[in-house]
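Just the one chain here, the form predicted on its own, laid out as C-alpha cells.
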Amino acid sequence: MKKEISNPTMKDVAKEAGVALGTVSKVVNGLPVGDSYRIRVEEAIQKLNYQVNSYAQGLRASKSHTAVLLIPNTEEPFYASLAYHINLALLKQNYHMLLCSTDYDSNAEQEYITMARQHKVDGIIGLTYNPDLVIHENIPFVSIDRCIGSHVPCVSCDNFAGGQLAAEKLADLGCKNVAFLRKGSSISNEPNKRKAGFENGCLARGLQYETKIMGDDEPYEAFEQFLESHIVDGRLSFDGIFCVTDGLAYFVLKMLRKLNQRVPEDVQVIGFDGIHFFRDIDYVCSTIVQPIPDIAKMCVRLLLDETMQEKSSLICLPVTYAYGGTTLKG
C-alpha cells in the first residue's frame, strides 16, 4: 500500500506525474506546456492534495496577490458593506484580502501598516483616522474618505453634493425649519463636507436651520436634550432633520418616538450612507446613498492598475436619494 504524503512538495508532484520539476512549476504558475503534461500534473496535484505556496510564489514574482483593508470595525453596517464589496473586487482580480480592524485606534492603524510592509502585501486600502499616519512610499496606498497627501489617491462619494441634496429634498417635501445633526471625528475628512453642502442647500432654498455637532466620545443623550429643548406645546420646532449618517438617524428616530413626535408626519428625517436593514432590501431610513460597490471597485482599480500613471488625488463618486419611510413620498 502506497504511503500517503503528509505535506507534498513540488518534487513529489513531479515524481507522481512522471515529469520534470520545471514542468510542474510551469503548470502551477500558469505557463504554457503540452496538454498531456498539464493533465498529468493536474491529476498528480489533485491526488496528492498539493497546496500551492502563494506566499513563496509572490516572493519570486515580487507579487503576493494580497492586499490589506484597514477599517475601524465590521460592526457598523457601512464598514461591513465596504469590506464585502472590496473583497469582491479584489477576488475578481485574483487577489486575497487581509482585513485589519482598528476600532478607531490610531496606534493600531500605524502598527497594521508596518505589519503589511513586513508581509510584503501588494498594497493597502485604508479608511483611517490617525492625523499623523505615516504612509511608506514603497507600498501602494489608497485612502477612503480622507485626503492624506498628493501621493495618496483618495476615493469618496460627493459628500458636499449629498448634503446639498438632503436640504433640497427636505425643502421639496415642504420643510421650513430644519436641523443638521452630526456625531463624528474632529479630523479633517471628506464626510465633513456634508455640513457645508447642507448649509448651502438651506441657503439656496430659504430654509431656516440649526446645527448640533458632537465628537465621537460624547453621549447620544446630548442629541435628545437638544431636540427636547426645541419642543414647544408638545411639538418639535423642526419639521426636518438631516443626520450625518444612517446610524445616527437610527438613534434619532428612537429619540423622536420617545418625545412623542411622529415621523414623517411631524418631522421628516434623512440620513446618509444608504444602509439596509439586515437581510432586507428596505433602507433604515430615507437616505443619501453612497455608491459603495463603485467606491470599492475604484479603490481596487487605483491600487492594482499600474497603467494609471497619473492617479487623481481625489475621486468623488455621485450620490443618490432613496426613500426609506422617514420622509413623505414625493
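Don't overthink the numbering: it's just position in the shown sequence, from 1. Given the structure is predicted, the values throughout are model-derived calculations rather than measurements. Definition used throughout: the rigid core is the maximal C-alpha set that superposes within 1.5 Å between two forms.
In what follows, reference is made to the form predicted in complex with a further copy of the same chain, a form of this protein that is not presented.
Engineer: So in the predicted complex, does residue 20 come within 4.5 Å of a further copy of the same chain, heavy atom to heavy atom?
Structural biologist: So residue 20 counts as contacting a further copy of the same chain.
Engineer: Against a further copy of the same chain in the predicted complex, would residue 223 count as a contact residue? Criterion: heavy atoms within 4.5 Å.
Structural biologist: Residue 223: no contact with a further copy of the same chain in the predicted complex.
Engineer: Give a yes/no on whether residue 212 approaches a further copy of the same chain to within 4.5 Å in the predicted complex, heavy atoms considered.
Structural biologist: Residue 212: no, not in contact with a further copy of the same chain in the predicted complex.
Engineer: In the predicted complex, does residue 282 have a heavy atom within 4.5 Å of a further copy of the same chain?
Structural biologist: Result yes; residue 282 sits at the interface with a further copy of the same chain in the predicted complex.
Engineer: Only one of 204, 91, 231, 196 gets a heavy atom within 4.5 Å of a further copy of the same chain in the predicted complex. Which one?
Structural biologist: In short, 91.
Engineer: Which residue among 236, 171, 100, 161 has a heavy atom within 4.5 angstroms of a further copy of the same chain in the predicted complex?
Structural biologist: When a further copy of the same chain is considered in the predicted complex, the option within 4.5 Å is 100.
Engineer: Of 140-148, 241-249, 122-130, 182-190, which is the one stretch near a further copy of the same chain in the predicted complex, taking non-hydrogen atoms within 4.5 angstroms as near?
Structural biologist: That would be 241-249.
Engineer: So, a 4.5 angstroms cut-off on heavy atom distances: do all three of 34, 39 and 46 pass it with respect to a further copy of the same chain in the predicted complex?
Structural biologist: No, the whole trio is out of contact, none within 4.5 Å by any heavy atom.
Engineer: From first to last in sequence, which residues of 102-138 have any non-hydrogen atom within 4.5 angstroms of a further copy of the same chain in the predicted complex?
Structural biologist: Stretch hits, in order: 103, 105, 107, 108, 111, 112, 115, 119.
Engineer: Please say whether, between the shown form and the other one, the C-alpha of residue 319 moves by 2 Å or more once the core is aligned.
Structural biologist: No, shifts by less than 2 Å.
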